[in-house]
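Below sits a lone chain in structure tokens, taken as the form predicted alone.
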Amino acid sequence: MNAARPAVALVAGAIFGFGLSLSGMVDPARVLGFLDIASGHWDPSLMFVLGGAVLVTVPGMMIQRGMVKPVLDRRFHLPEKTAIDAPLLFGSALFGIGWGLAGFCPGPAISALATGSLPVVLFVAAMAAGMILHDRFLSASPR
């Protein structure tokens, strides 16, 4: 393993977390306001976050496709499974339900741990428990 990888990962994670905090993604009320289209109090400000993410991701993906391998690894670790199947749809629905109920998805929740808020800690603990349960009981089973 390249010794620079952990340092680069730390810097990239810090930049990502700062961006999530700056954009308000770590505030569940703001996220829920974005998801609440039906109430008449919809907060569209997170559309700019999505647009900014696309503006950074698309050129990054174009650059990646022209590379033989990453700078700090021997190969790219991209998803190999591309089928849209029942487990993907079910997992996506669970993710959306959890996001709509709590106002957090994994990245912002982990970034929000810095606030020390008990609901955030409980959300991250529940999220970690769900990931562990999936790894132990679902991902090892034959499909």
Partner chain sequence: MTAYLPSLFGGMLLGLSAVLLLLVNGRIAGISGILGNLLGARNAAAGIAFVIGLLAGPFLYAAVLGDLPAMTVTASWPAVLLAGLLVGIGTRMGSGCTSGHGILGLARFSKRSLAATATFLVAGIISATTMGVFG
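Residue numbers count along the first chain shown, from 1. Owing to the predicted nature of the structure, the values given are computational and were not obtained by experimental measurement.
Separately, the form predicted together with the partner chain exists; it is not shown, and the next lines address it.
The closest heavy atom approach of Pro44 to the partner chain in the predicted bound form falls within 4.5 Å. Remark: Ala83 counts among the residues lining the partner chain in the predicted bound form, judged by a heavy atom distance of 4.5 Å or less.
Using a 4.5 angstroms threshold between heavy atoms, Val54 counts as touching the partner chain in the predicted bound form. Heavy atoms of Gly60 reach within 4.5 Å of the partner chain in the predicted bound form, making it an interface residue. Taking a 4.5 Å heavy atom cutoff to the partner chain in the predicted bound form, the contacting residues in 94-120 are Leu94, Phe95, Gly96, Ile97, Gly98, Trp99, Gly100, Leu101, Ala102, Phe104, Cys105, Pro106, Gly107, Ile110, Ser111, Ala112, Leu113, Ala114, Thr115, Ser117, Pro119, Val120.
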